[in-house]
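Single chain ahead, written as structure tokens, the form predicted on its own.
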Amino acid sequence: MTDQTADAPAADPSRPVLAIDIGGTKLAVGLVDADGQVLASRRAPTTVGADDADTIFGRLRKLCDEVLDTAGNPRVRGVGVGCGGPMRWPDGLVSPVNLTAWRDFPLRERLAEAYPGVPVRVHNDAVAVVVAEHWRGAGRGVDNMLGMVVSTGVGGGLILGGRLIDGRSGNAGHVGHLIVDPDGPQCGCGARGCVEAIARGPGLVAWAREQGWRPDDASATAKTLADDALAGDAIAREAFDRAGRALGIGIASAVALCDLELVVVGGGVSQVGALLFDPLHRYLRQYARIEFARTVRVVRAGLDQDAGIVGAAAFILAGDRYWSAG
């Protein structure tokens, strides 16, 4: 598989990139310039009711058209995409867990048909966020870092020697499936005790309910749990301590394996701040005992909700560091 690069003018570095961020609940599209600045953007729900695959893709195309129209329909340098997985990388056949209408949906192929003559590059949405943080966020200037997105799931990406490491299938750095408690809860991947099973938002809520927290409140979310923890609820506070422990142990293992300088943590669950980061740092200090691992820094992500768009654009704009598939 090769990029669609027949049209030489498309490589003009002054042209913006059409960048797409596809999640389970929202579609986001933006035009991004060579400096990583978002020139225009639009968002819409991923699905409305029981949408089929083509309806969802049509909604995405409409967003793209709106963004291009807003900017005067410039010729784009390429199309970069971050999409929920799993997917067949780099071919761009996607089957997002939270988007059941797309199963082996040929996303890269469909976008290449819509925008011929320019490269179309599709990678995991968590990887896109990590790339954004390394390119223009909290990881800027760092050669060896792990990025984590702690939200509905736990994803990640790995930068070593200043370059994105993809691995055989594009899943290198998937820290969410490091096992931190072999006797822990069942994970969606089939294993037990993965970081994701313990630290993801729905996992936090499920565990707290098992302990007696708001057992009859079907509308309670991780934000509700965080609010109760801040108000002093013991079970809620223990839930975040448990998540911080899973993240701290997982990070300690990753640091020992990859000799990292920095770990950047973002995503919705990370927004609770000290509730999560205080136990994370405490357990990291407890488990990262080998000398070279003790100096690793863990910081919150520096970019806002445009991180996925910025990272997707970097697959085109900084492909020498963030795209290895040819």
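One-based numbering along the sequence shown. Values in this document were obtained by computation on a predicted structure and should not be read as measured data.
Although not depicted, the form predicted together with a further copy of the same chain is the subject of the following passage.
- For the three marked residues, Ile249, Ala254 and Tyr287, a heavy atom of each sits within 4.5 Å of a further copy of the same chain in the predicted complex.
- For the options Arg103, Lys223, Arg163, Arg75, the one in contact with a further copy of the same chain in the predicted complex, meaning a heavy atom within 4.5 Å, is Arg163.
- Proximity to a further copy of the same chain in the predicted complex, taken as a non-hydrogen atom within 4.5 angstroms, holds for one residue of Val265, Val29, Leu280, Leu260, which is Leu260.
- Contact between Ala138 and a further copy of the same chain in the predicted complex is not found at the 4.5 Å heavy atom cutoff.
- In the predicted complex, none of the heavy atoms of Leu230 sits within 4.5 Å of a heavy atom of a further copy of the same chain.
- Proximity of Gly173 to a further copy of the same chain in the predicted complex falls within the 4.5 Å heavy atom cutoff.
- Interface residue remark: Asp183 is counted as part of the site for a further copy of the same chain in the predicted complex, having a heavy atom within 4.5 Å.
- Of the candidate stretches 43 to 51, 269 to 277, 30 to 38, 293 to 301, only 293 to 301 has residues with heavy atoms within 4.5 Å of a further copy of the same chain in the predicted complex.
- Interface residues of 111 to 148, taken as those with a heavy atom within 4.5 Å of a further copy of the same chain in the predicted complex (partner not displayed): Asn144, Leu146, in sequence order.
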